[in-house]
Structures are given as C-alpha cells and as structure tokens.
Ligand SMILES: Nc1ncnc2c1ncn2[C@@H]1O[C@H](COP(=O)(O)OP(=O)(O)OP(=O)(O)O)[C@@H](O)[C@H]1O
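In the block that follows, a single chain appears as structure tokens, in the form predicted on its own.
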C-alpha cells in the first residue's frame, strides 16, 4: 500500500483579506499523480506554492493549518527552505530556460548544491534529459543555447532541470497550457513514466488531461476542495453535482 507523502490538514491561505484556500484536507500518496482541477481562482496554484513555500514571497499573505512532508511540519518558520525546494520541485506553465546552454540549464543548480564531480555531472545531465524524454533530441547540441529549443522542448528541459535536483515531489502548474498536441502528449507520457519514482501533483484546466494521467483527482471551487477520489470514480460517478457540472462543461 502506498504511503502518505504529503498530509494536508485544515489548510487555509489568505491574500490580505481574500481567502484563497478554505480548510483544505487531503493526503497525497507516494508514487501517484494527483490531478487538481477547477476554474480560475479556485486555489489550485496557491496550493502548489504553499507546498514549497513560494507563498512566503507574497506580500500581506497568511497561512493557517498544517502541511506534513514525510511527517515533517514544513510550514514551521525555521524550516530549511533550500532543502524543501530541493525536495519539492516546481515546473511552471510558461517554460523559462536560463539564457545559457542546454547543459548549463541542468548543471547550474546542482553544481551549487549537490557538489558533484564533472563525470557525475555529465551523468546527471544525461539521466535528467533521458527522464524528460529529451536526450535523443538534444544530445548532439548540449552546448547550444536553450533558447533555441521549441516551446515543447523548453518545457521538457524545465522538467529535466527540476529532476536534476533529485526531488521527491514534483509540482506542475499547467505545464502544457501553451503547447501543441504532440508536445502535450510527450509531457503526459513522461509523467506516466515518472510516477513510479516520484510524487507528482498536476494542476490543469484540461479535464481530459487529468482523466488521462492522474491516479487521483481533486476538484477545487471557490477556495474549497469539493471532491477528492480515485480518478475513474470521480469522472464517472462524482459525489457532488458541482463536480459533474464542471466535468461536463456546464461551467468553468
């Protein structure tokens, strides 16, 4: 039986007076993909940012409740944020490669934090690019600028860059929102292969994508978790009418 990797209890978040999350409770299991769906401003991206404490950077914000990562309370003021962000990596909707070579995009952060030799770094770069299904496309031009890659390749590069930091959890915030169907399919295939080694949380407004790749799904609406369960059950026999209305396109 899969173990609970992330335990969330009574989690609320405020931007000033606006409540972006309201008493969220859920468990995220190791080796699974949790898909989060819901209309804009339902709290999905806010939840991701709390999990690696990027929410700390938001002025006039406040969080209550608890988030445990392997039983550790990660919202503690003295929690090591560098360590947390290595353990919990994040890929954003818009790929932002560094204005450096493909190789340096992957090696830059590990060189600072992981203290690997040149041979170890070469192996890490190749492994991460293979894991993101990008190696065969770029292996002969590792020292070319990453900015020359296509949008889909840049997104897979950003995923590889996250993997190069050897995280335990991968957060993805609309990673295929601007990509063509072929690039989207490559990302989805990559996620399906990564699930056995990582805990993955995928935020997507594409309900079909959630249905394709997620093991479990959560539906957020107006800052609240309306429904959470095994993906086929949520999509075929949702317990809440609002979930069914969202899935069938009646709103959102």
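Numbering follows the first chain given and starts at 1. As the structure is a computational prediction, the values presented were derived from the model and not from experiment.
This next part talks about the form predicted in complex with this ligand, which is not shown.
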Original post:
Check 15, 40 and 43: does every one of them have a heavy atom within 4.5 Å of this ligand in the model of the complex?
Top reply: yes
**OP:** Check each of 195, 212, 216, 49 and return the one that places a heavy atom within 4.5 angstroms of this ligand in the model of the complex.
**Re:** 49
Original post:
With this ligand left out of view, which of 26, 58, 63, 68 would have a heavy atom within 4.5 Å of it in the model of the complex?
Top reply: 58
**OP:** May I ask you to state whether residue 11 is within 4.5 Å of this ligand in the model of the complex, using heavy atom distances?
**Re:** no
**OP:** Tell me, yes or no, whether residue 104 is in contact with this ligand in the model of the complex, where a contact means a heavy atom of each within 4.5 Å.
**Re:** no
Original post:
With the cut-off set at 4.5 Å between non-hydrogen atoms, does residue 168 touch this ligand in the model of the complex?
Top reply: no
Original post:
Is there a non-hydrogen atom of residue 183 within 4.5 angstroms of a non-hydrogen atom of this ligand in the model of the complex?
Top reply: no
Subject >> Partner contacts for 184 to 214, taking this ligand in the model of the complex and a 4.5 Å heavy atom cut-off >> reply: 205
